[in-house]
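Only one chain is included here, represented as structure tokens and corresponding to the form predicted alone.
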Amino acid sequence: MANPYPQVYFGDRIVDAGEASVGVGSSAVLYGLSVYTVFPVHVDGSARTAFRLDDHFRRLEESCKIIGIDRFAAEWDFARFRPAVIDLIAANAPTEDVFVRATVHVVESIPGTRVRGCAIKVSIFVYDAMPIVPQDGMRLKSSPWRRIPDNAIPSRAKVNGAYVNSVLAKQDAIDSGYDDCVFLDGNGHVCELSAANIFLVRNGTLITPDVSCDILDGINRRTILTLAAEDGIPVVERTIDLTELYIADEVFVTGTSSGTSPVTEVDGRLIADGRPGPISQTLRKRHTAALRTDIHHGWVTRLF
């Protein structure tokens, strides 16, 4: 389990973690009506850098817009968000890399099932940057639970309440002796993991579900696509059948909390020879480097 740091940004200031709470009658508690994003902060001596900070703030904005949380745009912009992150990192003084989770909570008390005009609070907290999946080879199980379709709960929005879907699917995988699940859509096509995007390689081509396949349009997913294109790796975004994973040359996943991690088995079937493949390893190295020192793309923000 990752350890949270003791200082939390909540509302409009930094408080002790025990003081950061929302009411039991709030929409955030009653309906899971919150949206969030998670990004890494790299610690290098006295320097602290965040990966694609502006994109993560934009994801909060877009998630709020999709769900209809209109008070966020009225009360927050990037000029307010960045100093809040800087102050929080300074207050906790991490000496190792951390993850930062920023959440917009709808805190209106017992408002009924509505969202527009409802009061919000923003929380930001820091915790250990521990990956949520094995880094040396994952075993995946296709889930009997289907991915929530975009026309039920939008996949492009990171809605807290929607993650009950992920909990059901991952717990089933864990109970069955696997590391994580593979979500399928209503037609049996591959979507993603419980909290990561998925890629496969066949005949030198990198293939991943497109953004119309009920997936999160992940920031790290976009990063991998950019890095692959720069390395001259052919990229295709399309629907993928489950059986294509079984016969892939390589499979790997990516996400803030998963890193770029190889998959060695799906549904009891080894992927190729059961070892991480060359494209997976190349992109993992490129991704890891980009998280820390990227200058060419402007992805890394110096906090202090």
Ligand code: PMP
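Position 1 is the first residue in the sequence shown; the rest follow in order. None of the values given here were measured: they were computed from a predicted structure.
One more form of this protein exists, namely the form predicted in complex with this ligand; it is left out here, but the text below deals with it.
Look at the candidate spot formed by 196, 216 and 219 and say whether this ligand comes within 4.5 Å of a heavy atom in all three of them in the predicted bound form. Yes, all three are in contact.
Within 4.5 Å of this ligand in the predicted bound form, counting heavy atoms only, one of 42 to 50, 235 to 243, 254 to 262, 65 to 73 shows up; tell me which. Heavy-atom contact with the partner occurs in 254 to 262.
Is there a heavy atom of residue 158 lying 4.5 Å or less from a heavy atom of this ligand in the predicted bound form? Answer yes; at least one heavy atom of residue 158 falls within 4.5 Å of this ligand in the predicted bound form.
Is the gap between residue 163 and this ligand in the predicted bound form 4.5 Å or less for some heavy atom pair? Judged by the heavy-atom cut-off of 4.5 Å, residue 163 is in contact with this ligand in the predicted bound form.
Distance check, residue 141 to this ligand in the predicted bound form, heavy atom within 4.5 Å: So residue 141 does not count as contacting this ligand.
Within a 4.5 Å heavy atom cut-off, is residue 108 in contact with this ligand in the predicted bound form? Outside the cut-off, so no.
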